[in-house]
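A lone chain, given as structure tokens: the form predicted alone.
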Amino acid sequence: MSKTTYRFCAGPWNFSEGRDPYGPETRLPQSFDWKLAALKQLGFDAMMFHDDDAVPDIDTKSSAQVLKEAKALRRKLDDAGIVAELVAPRLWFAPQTVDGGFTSNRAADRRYALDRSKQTLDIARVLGTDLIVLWLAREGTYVRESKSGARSTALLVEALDALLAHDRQARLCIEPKPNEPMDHAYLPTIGHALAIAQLTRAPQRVGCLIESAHSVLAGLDPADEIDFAMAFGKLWSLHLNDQNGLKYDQDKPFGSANLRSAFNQVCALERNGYGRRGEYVAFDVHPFRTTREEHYLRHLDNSRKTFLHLVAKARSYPKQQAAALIADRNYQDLDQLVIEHLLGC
């Protein structure tokens, strides 16, 4: 079987200006055209979008205006030779989503979340992608007694079914995260995402997106999550980054905190054939707050370099030697074999 040639993706938000909860921006903002040209300069193949990345100020515009601007964006992407990988409704900024979108205790807010998500499907169709990512950011609770988990699950299935009916070609890709911004999320792991898919009207069109940092925040190994999702054929997109422990979502460059974990993620992608059906490797990473404008692109370039180095390491891994150690249950020497292979010994 031929080896995968990976294709790479990033989003406009991955060129962040350095703002964090404790301080303002540290870099000048860049235009969308600059970001598009930067991706092309880096040799990336695709861009991912939130709905309001594709159409700014989306809630102030009519459906006709939204589609007109989406068509203009499609022309811009085509001219740049960049494709749209996915579109995701941003359901955590608007006042209507303060208590969740699909699981809000207010029916009007649930209608807003569903209408905006349907519009996202329409934008995706114009941009030429069938992949819709649902990061269910506020679908959870701060106070467990404020909602019924069973009712919220039913509401999520109802929303997924409505989206699947709205566009019968679209694929819904759930991106789980255990916390942040909510104390507890209703779908915190890949297992939860794949389970709820089975309750929908078209389980074959509901899959998942794994983000390395989200798996770490759930106390799980990202490589195990990759293997698990791909065992079901349901890993349709991927956000590689890194995370230094159980903090806020850091979006560090891939391999920055735990190189061995990054190696195992690449090995999982390799052994399962990720990318052979057109899937992209996206780096959901941000520049460090101290980064200057002249180094604006290094976090993306470095993440891809690390990924490709680890692909080479995965493909040159001494599998026969490892197999002999595994057969002997000599895991101590297997551990050292991996360390020395990564060190180039």
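These numbers were taken from a predicted model, which means no experiment stands behind them. Residue numbers run from 1 along the displayed sequence.
Only in words, not in the display: the form predicted in complex with a small molecule, which the text now covers.
- For Trp92, a non-hydrogen atom is located within 4.5 Å of the small molecule in the predicted complex, even though that partner is not displayed.
- The small molecule in the predicted complex comes within 4.5 Å of a heavy atom belonging to Asp249.
- Contact check for Phe263: every heavy atom lies farther than 4.5 Å from the small molecule in the predicted complex.
- In the predicted complex, the small molecule sits within 4.5 Å of a heavy atom belonging to Glu175.
- The stretch in contact with the small molecule in the predicted complex, judged by heavy atoms within 4.5 Å, is 211-219, chosen from 211-219, 70-78, 268-276, 195-203.
- Distance criterion of 4.5 Å from any heavy atom to the small molecule in the predicted complex singles out Trp135 from the list Phe102, Tyr186, Trp135, Trp236.
- Highlighted residues Trp13, His50 and Asp284: every one comes within 4.5 Å of the small molecule in the predicted complex, counting any heavy atom.
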